[in-house]
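Given as structure tokens, the chain that follows is alone and in the form predicted on its own.
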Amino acid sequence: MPFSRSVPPTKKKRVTLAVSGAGIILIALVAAVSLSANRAQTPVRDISFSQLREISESGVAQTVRVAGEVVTVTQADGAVVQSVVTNAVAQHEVVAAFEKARVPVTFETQQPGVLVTILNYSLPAAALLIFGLIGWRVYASMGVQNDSSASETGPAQPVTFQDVAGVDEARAELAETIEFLRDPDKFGRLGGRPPRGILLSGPPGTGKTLLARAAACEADVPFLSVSGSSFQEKFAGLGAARVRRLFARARKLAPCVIFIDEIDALGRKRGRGGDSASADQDQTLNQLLVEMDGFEQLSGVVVIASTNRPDILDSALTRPGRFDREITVNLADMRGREQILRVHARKLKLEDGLDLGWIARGTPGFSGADLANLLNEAAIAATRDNSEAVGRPHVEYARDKILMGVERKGFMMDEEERYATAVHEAGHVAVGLAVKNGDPIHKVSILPRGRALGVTQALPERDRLMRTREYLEDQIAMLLGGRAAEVLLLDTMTAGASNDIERAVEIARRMVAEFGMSPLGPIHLGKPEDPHSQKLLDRIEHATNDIIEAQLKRACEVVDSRRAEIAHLVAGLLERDTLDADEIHESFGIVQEKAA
């Protein structure tokens, strides 16, 4: 198991306290000096120019000091008065009057007071001290003084490979690498070397970070974890410096494992732009490339990285010698989903009759995170219903909430809009039941959910690893079934079909421009920035429109032939809002046909 270190008071904290204490002492010194200077000075009384003339003629003045426009008079009784004389002629007259009365007059340049003098010298020093402290703390917080960005502690909740399900191949590859670190002689007896890097790639939520957490607990070696974004700083050069410090620390702790989460933030392809930010990111990536496979070879250090965007990584980073193994963590199949559900169901109280295999069959395309969220939502629903355990209705509710959105109970539709929505959804159902290669209809509802006024849910019976042209055409026809029902049964069109049309056109465009499923033959447009001729683009657009028009005509034929069944389904929707698969089949007479 990985160990956790207690962090003693660092040099950073001691220096911060010392500098703060020096600042407090400096402020106290300035205050004390200013108070003593104020106490040492004799109070000075301000008088007007007329009073100053009277004093010059009365003979009570003992000394006169002229500093700029200020005339200060010390009287025989020790009192000090001063007056500001801005007019040069008037000042000359009053000085002549004092000299006529034989009072010594001295002229001085205007000097600042004691407090001003102290502040003039102390404030710049204090400002430098404060800004130096701020700069030092910012510098230290960015990792220049320490390696706090790389955590050496294991996860708070220990996770082992037994807790990782549904990704057996990835788990086996990672477990073999950890075993290599534990016993290098066993695997190196024939001259082999351990892999320098392992790249975990796959869709979000498939368990890449969970695999790394399990590796951290399974490895009996130090495990340094850091995120890819932590290498990006506002100051140039700090990212590369952080990479050097991370690998220097790993060499001291070898054998050890470095885990870089979301490495696409660090390892994007170089040369994307000419700005300073791109140049600094390229410099950071260059440093990582050198550390992983440069003149100074890594020994006993394995780098594990995770990303869901392997296509944007630099090719020099993913080559053998840096990342020797790329483990693809895909979505689990039905058997894997059942294993994942069993792992997440350990902490839940389930009803005896709840079959996790049934949940796995009804959740194709769900990732491990989606399945965990499904069971959590089901547990919340069961708690809200004051149930003793999580049952099938709670799982159904959670699945509908995830797939179709949250039910908007406070949203009210008038009868005309409810009827139009029911007809639209019935068109989807009619076409979905008529096609041969589509997914079975599971549920239809006219309750507003999310941003949709109604939803038709079709769930695959199995995991589809390959989509045929017939399946894609049936999917387009089902998406256009709602528009066909609007045109034929409502004699109008609504904006509710906008999302259906968008999805249908996207499928048709990919059939033409990517899959080669059109009379144009096997063509591929490639990236959007690649140059293409306008003639080719026009041909693709025409072929896409041909597919859409053909499937819309097909959907209209199905809706026109099933008007009675659609009317029966619409009546059921208006009465009960939501119909399941059995009620849908009953409305279309499928149950009676099967029974016969």
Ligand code: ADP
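Here the structure is a predicted model, which is why all the values come from computation and not from measurement. All residue numbers are counted from 1 along the displayed sequence. The term rigid core refers to the maximal set of C-alpha atoms that superpose within 1.5 Å between the two forms.
Just so it is clear, the following notes concern the form predicted in complex with adenosine-5'-diphosphate, a form of the same protein that is not shown.
Of the candidate stretches 421 to 429, 509 to 517, 482 to 490, 340 to 348, only 340 to 348 has residues with heavy atoms within 4.5 Å of adenosine-5'-diphosphate in the model of the complex. P203 belongs to the set of residues with a heavy atom inside 4.5 Å of adenosine-5'-diphosphate in the model of the complex. Taking the partner from elsewhere, V301 is found to have every heavy atom lying beyond 4.5 Å of adenosine-5'-diphosphate in the model of the complex. adenosine-5'-diphosphate is not shown here, and in the model of the complex it never comes within 4.5 Å of any heavy atom of D264.
adenosine-5'-diphosphate is not drawn, but in the model of the complex it has a heavy atom within 4.5 Å of A372. Proximity to adenosine-5'-diphosphate in the model of the complex, defined as a heavy atom within 4.5 Å, singles out one entry of V71, V390, L433, L210, which is L210. A heavy atom within 4.5 Å of adenosine-5'-diphosphate in the model of the complex is found for one listed residue only; from D163, D333, E377, D324, this is D163. Superposition of the core reveals a Cα shift of 2 Å or more for D77 between this form and the one not shown. In a rigid-core overlay of the protein, T363 has its C-alpha displaced by under 2 Å between this form and the one not shown. After superposition on the rigid core, the Cα atom of S225 is displaced by 2 Å or more between this form and the one not shown.
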